[in-house]
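Shown next are two forms of a single protein chain, provided one at a time as C-alpha cells under the names structure 1 and structure 2.
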Structure 1
C-alpha cells in the first residue's frame, strides 16, 4: 500500500511539473509574440531613421520640396532639419504644463479632501470621461474656444489649450491616488501641532507625495507630446521657428504629417519619428524610475 501511494504521489508530482513547464513555455511564446511588433517597429525606425540624424537635423528648419527633390536626385542627404518642430513642441508642451499642472493638482487635492461629496463624484466622473474622449474632439473644442474667440486664428496658445485638456485627467487622478497613499497620521500630526491647513498641503502632503505627483505629470506629458490631430485644428504648423504663442506654430508630429504628404520628404518621416519615439521613451523611463524609487 505504501509503495502504491508513493507511486501515485510521484505520478501526480511529475504531471504537475509537466503542466508547469508547458504553461511557462506558453507564457514565453505569447510574450515574444506580443513584443515582436514593437521590436520590429523600433528596428525599422532605427534602420530607416538614423541616416538623417545629425546636428543640422536638430538646429535647422525644414527644407522645401525643391531642395529635398534636388538632394534625392543627386543621391545626397536631404538638407535642413526639424528645429521649427522641436521648438514648437517644446513651447506648446511647456505652456500646456503651465496650464494643466496647477489646475490638475488643485482638483486632485479637492477630490482627496472631499471624497464623499457629490460634487467630488461629479468631477471624478467628468475626469474619467474626459480621459476617453478622442483627441480630435478636444482639438475641436480648443478651436471653438481659443482659435475663434481669443487669438482669432491658429496659434500655439490654442494648441497648448488642447494639450492641457488632455493632460488634466491623468494629473487629477494621479494626484488623488498619490495623496490616498499618504498615511493620515502625518496630516493629523501636523494639524495637532497647530499648522495651518494650507501649509499642511503645501509643506507636508505635496513634498511627501512628490515622486508620485511627478510620475503622473511626466506620464501626461509623454501622452500629449506625440499628438497630431488636435494640433491640426489649433496650431496648424509653421515652416519657421516661432516663439509667439499667438501665431501658428509647428511640432514634431505635425511635421511628420506634412512629410507624409510630400513624397520627397519620406526620409525625414523616419528620422522625425525616431526622434519623437526617443523623447517619449525617455519620459516613460524617467517616470518608471521615479515610481520604482517611490515604492
Structure 2
C-alpha cells in the first residue's frame, strides 16, 4: 500500500476552464444558427404572403394565367384563390387517413399484443423500413398500382394511396408505443371480469390511450399535408374543385408547384405557402399540446 505522496501535477486549470467556456459559447452560437432558418422562413412567408390572403383566396379557384397577367399589368391583386387546392388537400388527406388509421391501429395493437413473437418482429421491422421509403418512390408505387390499374388515370385515390402508405408506419409505431404505456393491470382487470378481448380493445385500451393515438394520427397527418412529389405522380392537379376520387385533383402543395413554374402566378406562392405552413404548424402544435397534457 504505497501512496504517491509527491503528486504535484500541474492541472492547467486556467486554460481548461477557458476551453470549457469557449466550447459552450460555440454550442450556443451553433444552436442559434440551427434554429434561425425556421424564423427566417416563417418571417419571409408572412411578410410576402399575408397581403394575398383574403376570403376570396380561400373560396375561389385558381385563376388562369391570362387573368393573372392582366391583373398584374393593371397593378391589381391577382384574382381568385386556391379553393381547388384546399378541397383537394382535404379530400386526399381525409381519404388517406380513412385508409391508414384502421390498418395502422390494428397493426399497432397486434404488435403490442405479440411483443415477443417473431412475426411481430418482422412486421415491426418492415414497418420501420417502410417509414424510411422516400415519398417520391411511394408516388411511383401508387402510380403503378392505382393510376395504371384502378382508376386508369391520375386520381385523388392514387394520391391518397401514396399518402396512406406514408402515414401507416407512423400510426403503427405510435399505437404500439401508446399501448405499451398503459399499465397492464388495467387490461388484466377487464380480462379478469371475463370481458371478451375485442371489447377490452374497444372499451378499455383505445379510450385509455386515446390522446396518445390522436397525437400520433395528427402528427402523421401534419407530415403528409405538405407532400408534393408523390402527388405530382398520382393526383396530377386540377384547376377546378373536384370531389370525385377517380379524377385528377389538386392540392395546396401542387398549386404552389404550379405557381412556382408560372411567371404570371408566382406572386401566389407566398400566400399559398403561408396557408400551408399555418395548417401544418397548427396540426403539429395541437398534437404536441395533447401529448404534453397527457404527461
Partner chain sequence: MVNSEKITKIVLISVSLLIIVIAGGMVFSLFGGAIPSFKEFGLKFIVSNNWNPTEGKENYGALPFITGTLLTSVLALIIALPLSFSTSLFLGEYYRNKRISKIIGTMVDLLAGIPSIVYGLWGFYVLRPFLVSLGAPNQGFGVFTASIILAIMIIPYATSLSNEIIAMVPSDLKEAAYSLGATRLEVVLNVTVPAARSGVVAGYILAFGRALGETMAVTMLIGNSNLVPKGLFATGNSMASLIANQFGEADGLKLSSLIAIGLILFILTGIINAIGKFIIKKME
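For the two forms, the rigid core is made up of the largest set of C-alpha atoms that agree within 1.5 Å on superposition. Model, not experiment: these values are computed from the prediction. Positions refer to the first chain, counted from 1.
Colleague: Name the structure that matches the description of the form predicted alone.
Modeller: Answer to the question: structure 1 is the form predicted alone, whereas structure 2 comes from elsewhere.
Colleague: Quick one: core overlaid, is residue 282 moving 2 Å or more at the Cα between structures 1 and 2?
Modeller: No: residue 282 shifts by under 2 Å between structures 1 and 2.
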